[in-house]
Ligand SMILES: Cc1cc2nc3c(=O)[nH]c(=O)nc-3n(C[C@H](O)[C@H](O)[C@H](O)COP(=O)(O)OP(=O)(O)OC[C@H]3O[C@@H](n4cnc5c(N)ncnc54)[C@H](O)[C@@H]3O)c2cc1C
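Before any questions on how it binds or moves, here is one chain, the form predicted on its own, in structure tokens.
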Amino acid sequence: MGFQTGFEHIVREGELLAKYTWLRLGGAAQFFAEPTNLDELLGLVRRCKEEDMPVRLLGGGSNLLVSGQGVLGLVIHLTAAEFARVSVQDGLVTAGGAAKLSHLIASAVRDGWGGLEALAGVPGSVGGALHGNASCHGIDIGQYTREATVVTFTGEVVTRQRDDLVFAYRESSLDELVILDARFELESTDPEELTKRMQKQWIVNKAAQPLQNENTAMIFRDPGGISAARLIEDAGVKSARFGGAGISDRNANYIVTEPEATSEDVLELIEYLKQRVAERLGVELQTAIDIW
């Protein structure tokens, strides 16, 4: 039995991953699947377990650099509506892991439930935001998370309650293969006031990011007390460039790629920035981007 047997309708070979990432870089996946429902997702994960095949989840691609050599094993991409539903009831907002973070925020604000509007303008999916504990202006998604349902690497569905979850700066204990959905406990607030807050935060957050038509990703975590962008500027390396990869004029913690860029260009630029900031300022920068 071949790996694809029974999944021929959702699995394809040699899918180029560059188009699924904001940097528009990267080689092909050995196998690539877009399951249409939970049963297909669980079946794929269990098949990988049986055949000892590596499996990864591809989210919104805003925080991902894929090697030009491609990726061995199976890459799962959740595009079906079942994985992106958002519902609001009595202050408890449920969102699928594949839903856009912006959709979750807008749905909560529309129905008068506040807390997450500080994250307006932060890119990515709900699952990615939970995995990396997305934060902005002292607010993080973890503080409003009541529970999360996940799929483990062995294909089990498990619900993690609040007491089981740990959230820290740019990280969480939600490191299973898939975050299926999560429930958020929010605060009742006037929808009109929330809308104003959301719009203001969106403008502020977007002003600190590269332009929407640029191929870009945020690279480093902010060390305590100072931003990574400020450290790059103070180290005098904001003009650094390797091949088609350079640094954004709007925010030095974002790398921007041109059409001729390669994944290797970005990796070289990341290492150069880390070395120079360490040498000149004595600070070890930690990458925030996932590198496959």
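Keep in mind the model is a prediction, meaning the values are calculated, not measured. Numbering starts at 1 and runs along the sequence shown.
There is another form of the same protein, the form predicted together with this ligand; it is not shown, and what comes next is about it.
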Residue within 4.5 Å of this ligand in the model of the complex by heavy atom, from Met218, Leu74, Leu194, Leu104, is Met218
Which of Ala80, Val204, Leu177, Val88 has a heavy atom within 4.5 Å of this ligand in the model of the complex? Leu177
Mark Asn63 yes when one of its heavy atoms lies within 4.5 Å of a heavy atom of this ligand in the model of the complex, and no otherwise. yes
Using the partner position in the model of the complex, report whether Tyr254 sits within 4.5 Å of this ligand, counting heavy atoms only. yes
How about Leu57 - does it come within 4.5 Å of this ligand in the model of the complex, if we only consider non-hydrogen atoms? yes
Since only the chain is shown here, I'm wondering whether Gly142 would be in contact with this ligand in the model of the complex (any heavy atom pair within 4.5 Å). no
Based on heavy atom distances of at most 4.5 Å to this ligand in the model of the complex, which listed stretch, 120 to 128, 157 to 165, 104 to 112, 185 to 193, is the contact stretch? 120 to 128
Using heavy atoms only and a 4.5 Å cut-off, decide whether all three of Ala18, Arg241 and Glu258 touch this ligand in the model of the complex. no
Using a 4.5 Å heavy atom cutoff, which residues in 232 to 250 contact this ligand in the model of the complex? It's fine if the answer is none. none
